[in-house]
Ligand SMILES: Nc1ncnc2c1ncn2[C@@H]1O[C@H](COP(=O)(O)OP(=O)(O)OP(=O)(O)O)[C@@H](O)[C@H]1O
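Just one chain follows, in the form predicted on its own, and it is written as structure tokens.
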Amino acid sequence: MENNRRPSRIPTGIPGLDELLGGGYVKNTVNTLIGTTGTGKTIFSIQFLLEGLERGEDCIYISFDLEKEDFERVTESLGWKVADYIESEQLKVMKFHVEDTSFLNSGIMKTLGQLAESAKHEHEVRIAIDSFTPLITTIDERARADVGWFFRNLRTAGTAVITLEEPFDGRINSSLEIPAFLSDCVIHLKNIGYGEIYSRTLRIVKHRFSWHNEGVFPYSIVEGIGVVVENKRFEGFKVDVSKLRVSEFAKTKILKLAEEGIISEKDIEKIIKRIL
């Protein structure tokens, strides 16, 4: 984007992604992940929040599926500990029921309103809604104004990531088109499978207010790191992973990512801090 006034950026916490987004997400935007089950949307969302937590930001995770205990199990499976953040209420994990999804009356809107008030604006606020699909499965295009209103409230409260569950046939129906159109950034995650060398790929469909890379990039999900875009960014280096409390498979993968210059020494420091 050719503009002397550069927008404020929010680091995503996904190694290799910020460079493709021109520096990260734009502050106070709604950013959508579209993908089928198994593409890593939940892990991506948690990773986005974890980056904020480590920066002293307030974070909220909204789900229609995961209880707090389930959320902690997901994070622990990756080697991440979040219990202290939840206990201090820097991270709020909230589950809502599908039947309580009226935009105007839902508990989500009350929560966002409270966030908007408390966020004036000592800390950045990060919000993840995983998944947004239950909120929109019954709407038609006449409800587009309601979705737009909801997104405006999200932007007021903070910077948000929402996930949308793509049908396995890859067809985007109208209920997904509306939030994708209204989102400021859309990233499409695909899982090719079949033992391909790059079984998962990521493409930035759009990024409002910003330049973005238009290529298709492989990514992987690695214990200790989470989602990592496999794009060479640095000179390769050797790293001692012997003390990392992750599986041997993960250690081998981390070694390879470092040697190939896909992750940096700063990324390694972050991993060590999270899982030692």
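Heads up: residue numbers just count along the shown sequence, starting at 1. These numbers come from a predicted model, not from an experiment.
Here the subject shifts to the form predicted together with the named molecule, a form of this protein not shown in this document.
Exactly one of the stretches 233-241, 51-59, 205-213, 29-37 approaches the named molecule in the predicted complex with heavy atoms within 4.5 Å, and it is 29-37.
At a distance threshold of 4.5 angstroms between non-hydrogen atoms, L78 is in contact with the named molecule in the predicted complex. Under a 4.5 angstroms non-hydrogen atom cutoff, the named molecule in the predicted complex lacks S63 among its neighbouring residues. Residue contact check for I43: one or more of its heavy atoms lie within 4.5 Å of the named molecule in the predicted complex.
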